[in-house]
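One chain is shown next in structure tokens, namely the form predicted alone.
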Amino acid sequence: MRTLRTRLGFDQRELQSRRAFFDIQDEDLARLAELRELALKHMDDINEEFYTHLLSHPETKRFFPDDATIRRVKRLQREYFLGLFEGRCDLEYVENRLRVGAAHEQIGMSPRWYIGAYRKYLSQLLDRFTNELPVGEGRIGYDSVLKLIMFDMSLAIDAYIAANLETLGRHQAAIRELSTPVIKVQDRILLLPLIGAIDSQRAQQVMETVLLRVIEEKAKVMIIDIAGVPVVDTKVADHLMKTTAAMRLVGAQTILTGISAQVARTIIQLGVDISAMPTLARLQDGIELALSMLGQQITKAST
């Protein structure tokens, strides 16, 4: 199973490039490791102040609905905080930080909130470094942790964007699937009721969907009902003809239903030749024709 880091293409070369950009030197990491005792000393106080801030704001409080959630995220936050002072910035560290951004996307926390949360972290660290370290050491130590936190922030945003794009992709795929619902009418007969406008992207989706279902179901007839398509122009007609041609290539015939008087006039006026497929006004007639093509008929229930 690929890690989040590998899915984002984050390798050793990218690590070195980003470390160079953020000016994270080995000396910075060594300095942070030396500050670990100071971090441990103030970890709980910083954590409490951090969550007091988040829970005081209505927009961020909603991400922590109960005490169990708060206890869990506080534990994770302590682990994150101590990770800043481990003295390393390798690919394992990157993977951990990328998961932070992905987790934020999963719970719906947008970047504006965790960027603000990082600000709170930096403010608290600056206070501790200023109060407990000599002036020169405090400034240098703060600069080192600032570099690493900015590095972390860039990773979190990268992961958030990638996860968000994946989520959008899944939603769009679901919407496309709903917009091209292929229904099995009977063995080897399928129905595609089209509703709404048909552009080039949707037309391609229609063709891919019907071809796949025809092959899966070993269908011989595909009924395409366009009663719900508001405008039938040359583009729509062209898409229908291409779909019909594709159907023939996989051994299926197409029946076009839902032809209203207005649509019929439009097709004639446009000079579009759709004689390659049977066309009918009513879906019921299309179903009966499809059954007759396969030597079947509608069986009426006895009374």
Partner chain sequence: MVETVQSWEVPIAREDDIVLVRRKARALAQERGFDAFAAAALTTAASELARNVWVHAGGGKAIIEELTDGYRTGIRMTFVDEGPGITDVERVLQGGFSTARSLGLGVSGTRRLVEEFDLQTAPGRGTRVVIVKWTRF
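We call the rigid core the largest set of C-alpha positions that still match within 1.5 Å between the two forms. Residue numbers count along the first chain shown, from 1. These figures come from a predicted structure and were not determined experimentally.
The form predicted in complex with the partner chain is left out here; the points below concern that form.
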| item | value |
| --- | --- |
| Stretch in contact, per heavy atom within 4.5 angstroms of the partner chain in the predicted complex, of 27-35, 241-249, 62-70, 44-52 | 241-249 |
| Partner contact for residue 261 in the predicted complex: the partner chain, 4.5 angstroms, heavy atom | yes |
| 4.5 angstroms heavy atom contact with the partner chain in the predicted complex for residue 277 | no |
| Touches the partner chain in the predicted complex: residue 39 (any heavy atom, 4.5 Å) | no |
| Distance check, residue 265 to the partner chain in the predicted complex, heavy atom within 4.5 Å | yes |
| Listed residue that, although the partner chain is not shown, lies within 4.5 Å of it in the predicted complex (heavy atoms), from 108, 230, 181, 134 | 230 |
| Residues within 4.5 Å of the partner chain in the predicted complex, restricted to 263-288 and counted by heavy atom | 265, 266, 269, 270, 271, 272 |
| Exceeds or equals 2 Å, Cα of residue 196 between the shown form and the other one, core fit | yes |
| Core-superposed C-alpha of residue 143 shifting 2 Å or more between the shown form and the other one | no |
| Rigid core superposition, residue 69 Cα moves 2 angstroms or more between the shown form and the other one | no |
